[in-house]
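What follows is a single chain, given as C-alpha cells, in the form predicted alone.
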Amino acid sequence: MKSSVIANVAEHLCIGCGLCAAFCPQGILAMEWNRYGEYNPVTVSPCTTECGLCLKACPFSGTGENEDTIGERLYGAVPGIRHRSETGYYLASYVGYSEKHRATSASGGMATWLLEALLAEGVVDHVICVAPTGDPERLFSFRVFDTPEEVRTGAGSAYYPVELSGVVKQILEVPGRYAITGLPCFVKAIRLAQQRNKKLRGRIVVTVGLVCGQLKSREFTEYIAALAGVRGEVTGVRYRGKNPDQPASNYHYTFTTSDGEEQRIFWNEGISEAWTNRWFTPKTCSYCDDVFAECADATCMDAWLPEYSRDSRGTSLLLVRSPAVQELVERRQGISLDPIPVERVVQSQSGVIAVKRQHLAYRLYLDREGAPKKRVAPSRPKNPLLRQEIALKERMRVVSRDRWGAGERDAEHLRGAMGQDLKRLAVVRRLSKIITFPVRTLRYLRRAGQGQ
C-alpha cells in the first residue's frame, strides 16, 4: 500500500475529512475514531491496485496542489476578481445578518440563509451541512437536506469531528446539484477529488467555506462537559448560545443529557482557556495555512470587529468568489447586508492569521522533517517571548490529547497538569504587553503627528 494514505499520511497529518474513504474505487477504507477522539481511515480489506486516488484527494498529503493553484484555476479568470495573500481570491466582501436565522445561528445567520437561498432559487437540489444526530457516540455528522426546514436544523457551529465519506458516496450515487459546506481543509479535499472525478465536478456546484482557527477532537466536548458539571451521557450540544446580557464573544455551550439534564457554561468560564491554548487540537491543524477557505465559492465568518462584536445577536462577514453566488447575495432578499472593505475582513481574523502564518512558520522551522510542504516558509521568530508562547501551547496541546486519550478523564486533574505551563504563559503574556505598550504608543504618536 505504498501509494495509499495509510502508508503515506501519518496519523499526525490526517485531519479525518473522509475523502479518501469515499474516493477509494475498491471501497477498502472506512473512517473510525482513534484513541484521541479524532477520525482516521482504516483498511477493511487489502488494497490490490494501489491506484493512489485516496492519496491524491488528501488535503495534507503534500502530493496535490495548494490553495493558490486551486484558487487560480477556479477563480483566476473571473472578471473583476482580486487577490490577497491572506484571503486568496475574492470578488466582494459583505457584513450583515439574516434576521430570520440570526437567533439560532452562531453569528449573523448568513451561512444558513445562503444555503436556503440556493435551494429556494433552484441553484441546487440538495444541501450538505453538519447537523446534530442525537447519537452519544457521534453527536454531529454531515447530512443531505432537500428543504429549507431541514437546513435550519444544521444552523450553528459544531466544534466536533465530522467526516465526509458517507455524503460524498451519496453524491456519487445520486444525481443532482449539490451545495456543500466545510472547513478549509475539507473544501480543499473536495476540490482535489473533483479534479479526478467527473461526477463530483458536475454535481457539487457550490461550496461554502467556514473560517477555521482549529478543529477540535471529541475529547474537547467531553472535557468542557465535565468542566460544566455534566454527569450523565451527553446526547446534544449547542456550542454558540447567545445571551442578551453578554457580548457576542462570551457565548455559552449548553449540554443535554440522556436523562433530560441541561448544563450551561460560558466562554469565560473555562472554554476560552482550552480553546486559545490549543487543548484537544489535532496535530494536523498545526500545519494549516488556509484561513479563509480559499477554495470555496463563498466563505462565512464571525464579524470579530469592535463595532459588531459587542452585539450579542451576532453579525456575519461574507467573502464571495463565485459570480453566481455574488448575484444571489446582491439581491439581498430577506437579509441586512452591506459591502465592507476586505481589509476589515482581514482585520477581523487577525488572531487566526497570526496562528496560521507567523506561528506556523515557527512550527515548520521546528519540524522540518515531519511537516508537509506549505506556502509559508519555515522561520524562527526574533521575539523570544513569541517562541516561548508557541512552544508552551504546543506542549499543552500534546498533554491534553495524551492524558484524556489515555483514560484520565477528569477536568480538574487535567487543568492541574497544565498549571505550570499556564503560569509560564501568563508571565510571557504580561511581559509581551509591557514590551509592546511603548512601541504601540510611539506608533500612535507618530501617526497623530503626521495627521496634524
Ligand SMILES: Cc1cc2nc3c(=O)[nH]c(=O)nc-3n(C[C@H](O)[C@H](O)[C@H](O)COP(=O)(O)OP(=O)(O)OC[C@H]3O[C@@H](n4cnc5c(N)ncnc54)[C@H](O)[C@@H]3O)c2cc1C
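Numbers follow the displayed sequence, beginning with 1. Predicted model only: the values in this text are computed from it and were never measured.
The following text describes the form predicted in complex with the ligand, which does not appear among the structures shown.
Asker: Pick from 193 to 201, 357 to 365, 154 to 162, 82 to 90: which stretch has a heavy atom within 4.5 Å of the ligand in the model of the complex?
Answerer: Every other range fails; the passing one is 154 to 162.
Asker: Any chance Gly213 has a heavy atom within 4.5 Å of the ligand in the model of the complex?
Answerer: Because a heavy atom of Gly213 falls inside 4.5 Å of the ligand in the model of the complex, the answer is yes.
Asker: So in the model of the complex, does any heavy atom of His126 sit within 4.5 Å of the ligand?
Answerer: Output for His126 is no: heavy atoms all beyond 4.5 Å of the ligand.
Asker: May I ask you to check whether Asp302 falls inside a 4.5 Å heavy atom distance of the ligand in the model of the complex?
Answerer: Output for Asp302 is yes: heavy atoms within 4.5 Å of the ligand.
Asker: Taking the ligand as it sits in the model of the complex, is Met110 near enough to touch it, meaning that at least one heavy atom pair lies within 4.5 angstroms?
Answerer: Flag for Met110 set to yes.
Asker: Which of these residues, Leu183, Ile224, Ala248, Val168, gets a heavy atom within 4.5 Å of the ligand in the model of the complex?
Answerer: Looking at the other structure, the residue within range turns out to be Leu183.
Asker: Just one of Ala274, Leu118, Ala106, Val329 has a heavy atom within 4.5 Å of the ligand in the model of the complex. Which one?
Answerer: None of the others qualify; the residue that does is Ala106.
Asker: Quick one: Val237, Phe255 and Ala406 and the ligand in the model of the complex, is every residue within 4.5 Å by at least one heavy atom?
Answerer: No, none of the three is in contact.
Asker: Scan 86 to 100 and note down the residues that get a heavy atom within 4.5 Å of the ligand in the model of the complex; none is a fine answer too.
Answerer: Counting only heavy atoms within 4.5 Å of the ligand in the model of the complex, no residue of 86 to 100 makes contact.
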